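The chain that follows stands alone, in the form predicted alone, written as structure tokens.
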């Protein structure tokens, strides 16, 4: 599939069939995330691959979204502010690490779609509960949860703003 078709055909899926994700597909998704651009090539983010049902259930509770526990894998993206701050100070800590984690998660999401896997971006969660479920270091900031699996639904496309409304020319 060409890249524009990939972007236009991706959907947010919240229902998953009971089927494991092949390790080689998961590795390819993580390699896609690893190719994401980052400030100073510091890759100021961390990824947790959560397959343990107990931890996925804790993440579902942290987000109050039960489908997270139903997906066979959830990728959890954390910003690692200290990693960016060493080179970029406060701007690295407050912005670049967050951007790095976000771009990596977006690459992973598109990689999933390319491989026939389904995801949904989850950004609504109790950050402290996500960090506790993962046992992440205290200075890492959870940015996104990506439940990954095979779709048990095919949502229709969501409406988008028109470019006339979205784009501002100078």
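Bear in mind that the values here come from a model prediction, so they are computed numbers and not experimental data. Positions refer to the first chain, counted from 1.
What comes next is about the form predicted in complex with a small molecule, which does not appear here.
Heavy atoms within 4.5 Å of the small molecule in the predicted complex belong, among the stretches 133-141, 52-60, 115-123, 33-41, to residues of 115-123. Among residues of the shown chain, residue 25 is not one whose heavy atoms approach the small molecule to within 4.5 Å in the predicted complex. When contacts are judged by a 4.5 Å heavy atom cut-off, residue 160 counts as touching the small molecule in the predicted complex. Contact annotation: residue 12 falls within 4.5 Å of the small molecule in the predicted complex, judged by heavy atom distances. When contacts are judged by a 4.5 Å heavy atom cut-off, residue 67 counts as touching the small molecule in the predicted complex.
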